[in-house]
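Next up: a single chain in structure tokens, the form predicted alone.
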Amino acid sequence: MPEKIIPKKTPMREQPPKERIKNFNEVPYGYSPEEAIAEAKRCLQCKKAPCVAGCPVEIDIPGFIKFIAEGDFKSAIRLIKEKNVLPAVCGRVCPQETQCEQVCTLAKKYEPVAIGRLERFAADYEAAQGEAPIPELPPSTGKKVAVIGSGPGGLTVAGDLIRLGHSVTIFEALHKPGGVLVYGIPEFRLPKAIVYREVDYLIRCGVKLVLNFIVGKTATIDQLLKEFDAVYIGTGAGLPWFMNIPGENLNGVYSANEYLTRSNLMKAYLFPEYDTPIARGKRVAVVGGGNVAMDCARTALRLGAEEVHIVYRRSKQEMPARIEEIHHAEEEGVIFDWLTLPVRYIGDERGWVKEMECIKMQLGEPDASGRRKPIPIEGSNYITPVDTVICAIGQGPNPLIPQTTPDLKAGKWGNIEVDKATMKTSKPKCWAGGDVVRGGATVILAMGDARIAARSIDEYLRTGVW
């Protein structure tokens, strides 16, 4: 236990807001070894360790933090990697504040230990030493697993199963691996080199990767099952939702999915080095209140927008985005239009959006989500000029796999139905997890589902009992 409890987290240095809105470089710089040791020493090393129960992938948090406090950074990352194949990713984008850090014993009176920052530090320290060592792998079981999707869930399943001696092949529809980590999350929040480094580690462990392979088109699940003993579906939620209001088909109105994919995966932000066209609006409205909306708004600023508005129908208190993301957006000059709902987009004579009609809202009683329901205020409509609108109200799973797999049960929104204890689907030898089951959720929850599925797949491959 620390001799004297330091009430606040060790601050992490970051790019000043006025500088960072002109570039796509990562915003926080990460801890130095001295800062990491100082922060690790705040940990109380609790015997019960509530933080471990708060982690969807069950990392030994006090264990790795103790190693950092002692300056043994190599042992820290080795311990993390026993449970998490993507530590540099999770250290950056995992919502620790509502998971491990929320239940940290220190948080009862003070700021919790900065668990996410310490995980990031350990992963970045290892990367700075050169290529990460490969763990000793067991003899092959001769069993083959197909993993559909190379997002965080697919990568986790692959990492767990390869370490159990099974052969794993990942099938990815896009031309780059990483799923939402590369098409959805901007460079300034998660540099793509980090994702590719984590993927490369798995390939060096023996995972095979097949790109440009669309399951449901290139081959169906039934065809894959002729060659593989088990299939894991981790295809995410890439189908954008719209509000179905007038004017949504105007030029200049985008889904968050398209906007971010153009910028992140197809490198539109590096134009003209990459020839991907993207809207560089001067007055941009982003509709929604989650992390995706923050990513769109902050990207628009960096692409040269003069004014960026987040249009959200509830208040700041109900916003689902991470506190850190809202804080960064505010620092960078994003304007928040709370309790506001677009009802119509208005175009010019060439079919481009030029204005947006909104209505003001007030909060009523809590709805099914537990948040107070927004109710329109009659007669409060107003029109505001815009030249780009990005709709970031959520997304659902692509229907292609359920449509081409008749005995795979899906709900009315297209989410694949599973047994939560095992992640088994209705189809024998098929498991699923992450956003394709949950709808748009978080990286770490997809990884937690993947861990449950990997255990179940391993048990099935060893016993033959479904």
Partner chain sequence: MVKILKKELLVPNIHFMVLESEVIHLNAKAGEFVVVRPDEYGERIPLNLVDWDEHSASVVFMEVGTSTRKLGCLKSGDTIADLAGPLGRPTEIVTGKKILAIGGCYGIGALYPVLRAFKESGNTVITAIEARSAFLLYWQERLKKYSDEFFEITRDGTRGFTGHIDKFLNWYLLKNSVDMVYAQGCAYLTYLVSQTTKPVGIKTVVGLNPIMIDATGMCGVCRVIINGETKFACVDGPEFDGHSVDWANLLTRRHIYINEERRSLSFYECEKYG
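Everything quoted here is computed from the prediction, not taken from an experiment. Numbering follows the first chain given and starts at 1.
Note that the form predicted in complex with the partner chain isn't included here; everything after this is about it.
Asks: With heavy atoms only and a cut-off of 4.5 Å, decide whether residue 415 touches the partner chain in the predicted bound form.
Replies: Result no; residue 415 lies far from the partner chain in the predicted bound form.
Asks: In the predicted bound form, is there a heavy atom of the partner chain that lies within 4.5 Å of any heavy atom of residue 275, even though the partner is absent here?
Replies: Looking in the predicted bound form, residue contacts with the partner chain include residue 275, since a heavy atom lies within 4.5 Å.
Asks: Considering only heavy atoms, tell me if residue 403 and the partner chain come within 4.5 Å of each other in the predicted bound form.
Replies: Yes, contact at 4.5 Å.
Asks: Applying a 4.5 Å heavy atom distance criterion, does residue 262 contact the partner chain in the predicted bound form?
Replies: Because a heavy atom of residue 262 falls inside 4.5 Å of the partner chain in the predicted bound form, the answer is yes.
Asks: In the predicted bound form, does each of 15, 59 and 61 have a heavy atom within 4.5 Å of the partner chain?
Replies: The answer is no: none of the three residues contacts the partner (heavy atom, 4.5 Å cut-off).
Asks: Could you tell me which one of 363, 137, 214, 343 places a heavy atom within 4.5 Å of the partner chain in the predicted bound form?
Replies: Of the listed residues, the single hit is 214.
Asks: Can you pick the one in 380, 98, 75, 249 that has a heavy atom within 4.5 Å of the partner chain in the predicted bound form?
Replies: Contact residue from the list: 249.
Asks: Using a 4.5 Å heavy atom cut-off, which of 350-358, 87-95, 367-375, 110-118 contacts the partner chain in the predicted bound form?
Replies: Going by heavy atoms within 4.5 Å, the stretch is 350-358.
Asks: Is any part of 237-259 within 4.5 angstroms of the partner chain in the predicted bound form by a non-hydrogen atom, and which residues would that be?
Replies: Contacts from 237-259: 238, 239, 240, 242, 248, 249, 250, 251, 253, 254, 255, 257, 258.
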